[in-house]
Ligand code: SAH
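Quick heads-up: it's one chain on its own, the form predicted alone, in structure tokens.
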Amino acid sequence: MNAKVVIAPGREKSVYYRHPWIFSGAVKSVEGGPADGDVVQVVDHEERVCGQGFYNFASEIRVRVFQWGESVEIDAEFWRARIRRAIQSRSRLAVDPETDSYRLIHSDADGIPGLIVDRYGDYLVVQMTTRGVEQRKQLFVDVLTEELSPLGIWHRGDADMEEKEGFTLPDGLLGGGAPPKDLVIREGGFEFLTDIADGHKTGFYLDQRDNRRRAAAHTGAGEVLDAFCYTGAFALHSLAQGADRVTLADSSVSALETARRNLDRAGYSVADEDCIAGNCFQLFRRFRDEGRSFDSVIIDPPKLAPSRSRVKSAMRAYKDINLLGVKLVRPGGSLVTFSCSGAVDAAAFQEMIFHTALDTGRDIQIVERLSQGLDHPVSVTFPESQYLCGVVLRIE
């Protein structure tokens, strides 16, 4: 490996602290003429070796470092070791008979920047979001096949990331056979119908697995509103813990239909009037104007701040929906609310809750804090790997 990237004087701090992203403004020079996707050595301005990473001139993130310290050979066995390490760290989930779907590889946090691998029963869904991983697509598919023997490997692209990285990789089969349209997966002893080809994210919100169980301890009584419900997982856990009635709300008619089917499979029925398709912001206003209230409200919206430039508008939206949500909760009830926007940290989210409490005039207590599951690890040197935050609130 002859190519190297030299960090500009005064810009080495993040590299010394092992943050894996090197932005274009931190680069002093590039030597050896690397192509986009190549592995380069990273050195400081005094030529001290810092590590190795994927180079991409097309991206604002010029280098994504995955190996720290002295240079080593980056070959198929290097990546096999990384994949095995990630799989082994999920061994507790692998032997859980009640759960067969979880994240196996979490990109930079598992030392493979741009590779996300989710297990859905006997199938794998992958996302390749960096040029370095995309160029080694077949290598990763081969290693995953050898290590896990899936029935099929399906690619789900991230168009925004691909555009930023300067490549296009269409959705579709990468190995084995195609998954069924309604793939049945298990989570916590429940079965869920999942569409890994066309559903949200890679088919299911695997990162909320632990939170569904923990939230149900607070929402498993009385009437529950599950907003942005997708395929009904929070509602199902609430019913299993004793909720009397759930109202499902989502903008997707097809997601609501799948939610009803999932609840039916578990032995719970939902009346037509309790499955409501529409914009949840507008629905919350309608419920408020109608004088409706609930013992618990769950708010799990999609990513509202896809970038830091959108944080201000996202915080207004979070404030809006949570203020409305608080008004719908009966005294002594619970509000379970989330942000999956990595640009919005837990402190900013709690500050939004603080202002919501002031504006509603109600006494609000945080009784539990929630985050992503153990299969979505957070690297201590890479805070961006923590993107999901949530709280369980008691509303007096």
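When you see a residue number, it is the position in the sequence shown, counting from 1. In this text the structure is predicted, and so the values were computed from the model without any measurement.
Keep in mind that the form predicted in complex with S-adenosyl-L-homocysteine is missing from the display, and what follows is about it.
Undergrad: Can you pick the stretch from 138 to 146, 274 to 282, 239 to 247, 216 to 224 whose heavy atoms fall within 4.5 Å of S-adenosyl-L-homocysteine in the model of the complex?
TA: Among the listed stretches, the partner-contacting one is 274 to 282.
Undergrad: Residue-level contact is defined here as any heavy atom of the residue lying within 4.5 Å of S-adenosyl-L-homocysteine in the model of the complex; does F228 satisfy this criterion?
TA: Yes, contact at 4.5 Å.
Undergrad: Using the partner position in the model of the complex, report whether G199 sits within 4.5 Å of S-adenosyl-L-homocysteine, counting heavy atoms only.
TA: Because no heavy atom of G199 falls inside 4.5 Å of S-adenosyl-L-homocysteine in the model of the complex, the answer is no.
Undergrad: Test of understanding: in the model of the complex, would G111 fall inside 4.5 Å of S-adenosyl-L-homocysteine by heavy atoms?
TA: No, G111 sits far enough from S-adenosyl-L-homocysteine in the model of the complex that none of its heavy atoms falls within 4.5 Å.
Undergrad: Taking any heavy atom pair closer than or equal to 4.5 Å as contact, tell me whether A259 reaches S-adenosyl-L-homocysteine in the model of the complex.
TA: So A259 does not count as contacting S-adenosyl-L-homocysteine.
Undergrad: Sort through P302, G176, G121, P180 and report the residue having a heavy atom within 4.5 Å of S-adenosyl-L-homocysteine in the model of the complex.
TA: Only one option qualifies, and that one is P302.
Undergrad: Going by heavy atom distances of 4.5 angstroms or less, which of S293, S252, S307, S71 would be at the interface with S-adenosyl-L-homocysteine in the model of the complex?
TA: Filtering the options by heavy-atom distance leaves S252.
Undergrad: Out of 233 to 249, which residues reach within 4.5 Å of S-adenosyl-L-homocysteine in the model of the complex, heavy atoms considered?
TA: The stretch 233 to 249, when checked against S-adenosyl-L-homocysteine in the model of the complex, contributes A233, F234 at the 4.5 Å heavy-atom cut-off.
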